[in-house]
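One chain comes next, on its own, written out as C-alpha cells in the form predicted on its own.
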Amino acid sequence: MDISQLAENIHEFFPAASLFSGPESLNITCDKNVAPGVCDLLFNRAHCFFMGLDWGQQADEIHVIYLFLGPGNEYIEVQTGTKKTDPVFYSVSQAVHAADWYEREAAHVLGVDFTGHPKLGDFVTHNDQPPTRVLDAEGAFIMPIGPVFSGVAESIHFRLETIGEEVIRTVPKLFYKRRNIEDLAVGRTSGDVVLLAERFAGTTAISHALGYCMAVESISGTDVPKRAVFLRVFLAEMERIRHHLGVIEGICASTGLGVAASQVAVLHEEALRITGTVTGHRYGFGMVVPGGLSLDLPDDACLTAVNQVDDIVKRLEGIERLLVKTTTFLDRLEDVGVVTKTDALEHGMVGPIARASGVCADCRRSKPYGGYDVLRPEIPCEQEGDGFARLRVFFAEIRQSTVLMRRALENAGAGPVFSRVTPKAGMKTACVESPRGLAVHRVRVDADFRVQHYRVFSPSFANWHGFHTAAEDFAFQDFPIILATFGLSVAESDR
C-alpha cells in the first residue's frame, strides 16, 4: 500500500478527516473521537511505524499529534485538538500500544486526560502501580532495586514482583532526573540549542546534535557542503563504535567475566581518546552545528583514526572469539531476556534491540540522510531476540561502522565544511539512527531563528517501554545481565 492508497482508505473510512498530502508526508486533521480509529488503521492495518506523540497549545486549544512512518517511510501526522475548557482526549494506546508512555507523559505535562488509557498517571509521576494478584500467592514479594546505585549508574527504580526466584512482573520507574531540555530550548537561538541537544545523552551527543541540525537545515533550505556531510557520517559511526564498546563491556561485567570486561574497557577508553584527538572532545561535543561542522578535520588525522579503530576492532574480534567459546558466558545469554518480534513491534522498540528480534529497520537505509544514500550500510539483524542475539548485533555493527568510517573519508573530498544558515520560520522533523536506535527531532523556529518548539523522541524512551518484556519470566540473577544487553540510557529517556 503506497501513500496515495493509504490516503484513499483513510478518506473512505473517515470522510470527515481533513487530509493534506505532500511528496514525502501526509497530514491528517480529525476530531478527537476519530483519532483512535485513524491511528488503529495506520498501525494495525497499514503497518506504519509509530514514532511518537507531540503536542502544542494555542490561545484556547490544546492539540496532540501522533507521528508515524508510512509504507514508503513518509512522515504521517495525525493531529487532533480539544478546548482548554474540556481537556480530554481519547486514548489510542489500546490499538497502538507503542503510544502508551507518550500519552502518559503528555497527560502529565499538559494536565489533560486520555479517556480509555488503562494506566494513566502511573509512570511520570512515580505513583506505584497497584500490585498484581501474583502477590496474593504464597511466598510472593516485591524486590525494590534503586533508584540509588553505586558507581556511575543513573537514577532509576525497578520494582520486581516475584515468587521464589522467578520475576513475574517488572516495573521500571524513571524521570528522577528530568531536566526539561526541550523547554529550556524555547526562546534560544537555533545555534545555541545545539548545546542542549548534545546533552540528551553524552554517549550519543553527535547523533542528537545531527538530528537537531538536520531539522534546522531543512527549515532554512541549507545545503550542507559535501565534505561536512561525509565527515558527519565519520563522526557518527565513531560514536556508534564507542557506544557499543561500552555496552559490550557492561555485558561482560554483568556475567562475571572481569578480565574480558577490563579488556573491552581498554578498547573503549582508546576509542574515546581517538575521538578526543580528532575533535578536541572525548564525545565530540561542539563539532556538529547548523550548516555543517564547527571545524574541519585534517585528512591525515582522520586516516590515522581509522587505522587505530581498525586495530581496536581486530583486538575486539579476538575477545569475541573467546567469548563465544565460553559456555558459562553463553549460558547466561542464550534464551535469556527474550524479546519477540511481536513484542518489539507492539512496544515500538528500535535500534539494535529491535534488530536482534527480527525488526530489521534502520533509517540509514530506509530513510537515508547525509551520505548514507551513497554509502548504503549493511544492517546486521538477528531473529532470536535473546541476550546473545543482541550481543551479536553490537559486534556486527562495530565491524560495519569501521567500514563506513573509511568509506566516508574516501567520499569526503576537499572543500568547505560549513554553509551559512539563512534564518527562516518553519517547522520540520528529522530522523537519525543513533547508536541506540531511531531518534526523531521536531523543531519549530520563528523568522529570527529562535526556537519556538522542540520535541525529541529518543530511542531509550521507546526501548525502556518494552524492557519489561525481556525481564519477566526469568530468574533474579538474570536481571542485571538482561539490563546490560539493552545498553539503555536513563538520561536520554528522562530528557
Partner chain sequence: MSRWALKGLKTGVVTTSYPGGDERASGISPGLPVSGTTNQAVIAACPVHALDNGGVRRNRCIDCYRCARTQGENMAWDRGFEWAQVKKEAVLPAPFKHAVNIRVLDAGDCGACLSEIEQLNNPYYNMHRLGFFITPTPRKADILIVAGTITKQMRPVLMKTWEAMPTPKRLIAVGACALTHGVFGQDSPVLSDILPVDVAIPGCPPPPLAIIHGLLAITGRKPGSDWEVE
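Treat the numbers as computed from the prediction; the structure is a model and nothing was measured. Numbering follows the first chain given and starts at 1.
Only in words, not in the display: the form predicted in complex with its partner chain, which the text now covers.
Student: So which of K367, R159, H97, R199 reaches within 4.5 angstroms of its partner chain in the model of the complex, heavy atom to heavy atom?
Tutor: Checking each option against its partner chain in the model of the complex, the one that comes within 4.5 Å is R199.
Student: Counting any non-hydrogen atom inside 4.5 Å, which residue from K341, R399, K424, H281 sits next to its partner chain in the model of the complex?
Tutor: Comparing distances to its partner chain in the model of the complex, the residue within 4.5 Å is H281.
Student: Quick one: find which of 206 to 214, 290 to 298, 163 to 171, 86 to 94 has residues within 4.5 Å of its partner chain in the model of the complex by heavy atom distance.
Tutor: Stretch with heavy atoms near the partner: 290 to 298.
Student: Determine whether any heavy atom of S262 comes within 4.5 Å of a heavy atom of its partner chain in the model of the complex, and answer yes or no.
Tutor: Although its partner chain is absent here, S262 would touch it in the model of the complex, with heavy atoms inside 4.5 Å.
Student: Under a 4.5 Å heavy atom criterion, is A491 part of the interface with its partner chain in the model of the complex?
Tutor: Judged by the heavy-atom cut-off of 4.5 Å, A491 is in contact with its partner chain in the model of the complex.
Student: Considering only heavy atoms, tell me if A414 and its partner chain come within 4.5 Å of each other in the model of the complex.
Tutor: Taking the distances in the model of the complex, the answer for A414 is no, it never comes within 4.5 Å of its partner chain.
Student: Residue-level contact is defined here as any heavy atom of the residue lying within 4.5 Å of its partner chain in the model of the complex; does G318 satisfy this criterion?
Tutor: Flag for G318 set to yes.
Student: Can you tell me which bits of 183 to 200 touch its partner chain in the model of the complex, meaning any heavy atom within 4.5 Å?
Tutor: L184, R188, G191, D192, L195, L196, R199, F200 sit within 4.5 Å of the partner.
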